[in-house]
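In the block that follows, a single chain appears as structure tokens, in the form predicted on its own.
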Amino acid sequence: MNFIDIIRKKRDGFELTKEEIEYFAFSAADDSVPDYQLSAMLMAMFLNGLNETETLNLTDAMSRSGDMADLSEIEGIKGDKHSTGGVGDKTTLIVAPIVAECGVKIAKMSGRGLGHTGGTVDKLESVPGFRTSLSTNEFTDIVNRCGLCVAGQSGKLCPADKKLYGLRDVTATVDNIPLIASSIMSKKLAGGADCIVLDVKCGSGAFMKDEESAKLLAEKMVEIGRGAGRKIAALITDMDVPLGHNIGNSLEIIEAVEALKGNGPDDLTGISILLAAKLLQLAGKGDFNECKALAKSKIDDGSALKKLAEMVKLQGGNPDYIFNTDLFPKAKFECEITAWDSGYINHMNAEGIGSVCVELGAGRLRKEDKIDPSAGIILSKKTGDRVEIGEKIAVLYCSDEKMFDSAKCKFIDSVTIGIEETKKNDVLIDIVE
């Protein structure tokens, strides 16, 4: 098969066959085609688009370009939950133990944070001893024993996507819904789950900034999942303001634990219950309202919190930190930010606030950057709240007080205070299924 002919065919707007798309994906995975030709193909796809069949074929080929998770040794229905990334988004830490306690197995591979968005693996590793690098046998054994395991993604999972994602990032071909959808869904299909719930973020802190784009992405991913024979649904949720109050790794573990105790912020607890309920519904545990009640019951009786602690223990972590979050080390320095005017918080730029967290040491700009588990932000006020001049809005935490001057300025630039009252957004925008 001649790769130049395939580029030319897509350049001229023709549909690619399954075999041609497989050749493209497998060539990306094994480096048998030079980057400049792969980049040319990506640009042709970006400019001329991919139809439904091409998108499904590309997703399928990328998912099979490396290891496929074999969950056959795990008993029962397997579920998975994926977020497109946000600020303060610790819902996996709440949803996963709830769903596992309801009898649906969660065999989840999660990523690390990069840029302004956090990663579940980084958060869990703030618990002393917690291991996310597991052998296949360990991973399977933990899921069978407690119904839940969250591990780091295998380096051999979807190598074609890893290669193509890197090229898209440097060739201005990222912002394309079929390419975004196939990238996300190839990893979900390779993960092997029977049921998948997607949390598609929308707003200033999300990749998709407006509802129309978020809905198009959600519809495309659900379409791919159904085409691959999976039970799947997507919730489109608001990320125009950080989720919950705590942003940063150990800070987010603490807030997730509070939510599992029934003391979490309304926005975080509410969307976590909805995500858990949708995944339970897909797994056949009842209709949506029944599953919402079932999910809430696992918070009310304390069993979901115990499930999280059980997973932490089986993965080498100290479960005492789940039952007593005061054990988490505190940041060496803190800086209080107070309102510079009286009025209402009209807007919080979630991406800007996430970037402040990175600057404080809670995230990374490069994969090799080290993370400070105790660094981050706790918000006292959010969009729609009334503030008086001098009233506390947030506290910044880090291990080097020299960071505060720049971080404080960037935080203030990310918050708008005005005289007009601003309506608080509903966290749930839409459901696609």
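Start at 1 with the first residue shown and count on from there. Note that the structure is predicted; figures quoted are calculated from it, not measured. Heads up, when I say rigid core I mean the largest set of C-alphas that superpose within 1.5 Å between the two forms.
What comes next is about the form predicted together with a small molecule, which is not displayed.
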| item | value |
| --- | --- |
| Joint contact, K90, H245 and V257 to the small molecule in the predicted bound form, by non-hydrogen atom at 4.5 Å | no |
| Heavy atom within 4.5 Å of the small molecule in the predicted bound form - the one residue of Q315, S126, Q281, T84 that qualifies | T84 |
| Of V121, L216, I184, L157, the one that lies within 4.5 Å of the small molecule in the predicted bound form (heavy atoms) | I184 |
| R168: touches the small molecule in the predicted bound form, heavy atom cutoff 4.5 angstroms | yes |
| Close approach of I299 to the small molecule in the predicted bound form, 4.5 Å, heavy atom | no |
| Contact label in the predicted bound form: I236 to the small molecule, heavy atom within 4.5 Å | no |
| Contact label in the predicted bound form: L274 to the small molecule, heavy atom within 4.5 Å | no |
| Partner-facing stretch of 225 to 233, 160 to 168, 340 to 348, 97 to 105, counted where any non-hydrogen atom is within 4.5 angstroms of the small molecule in the predicted bound form | 160 to 168 |
| Is_shifted K298 between this form and the one not shown (CA, 2 Å cut-off, rigid core) | no |
| Core fit, then K285 C-alpha moves 2 Å or more between this form and the one not shown | no |
| Rigid core superposition, L216 Cα moves 2 angstroms or more between this form and the one not shown | no |
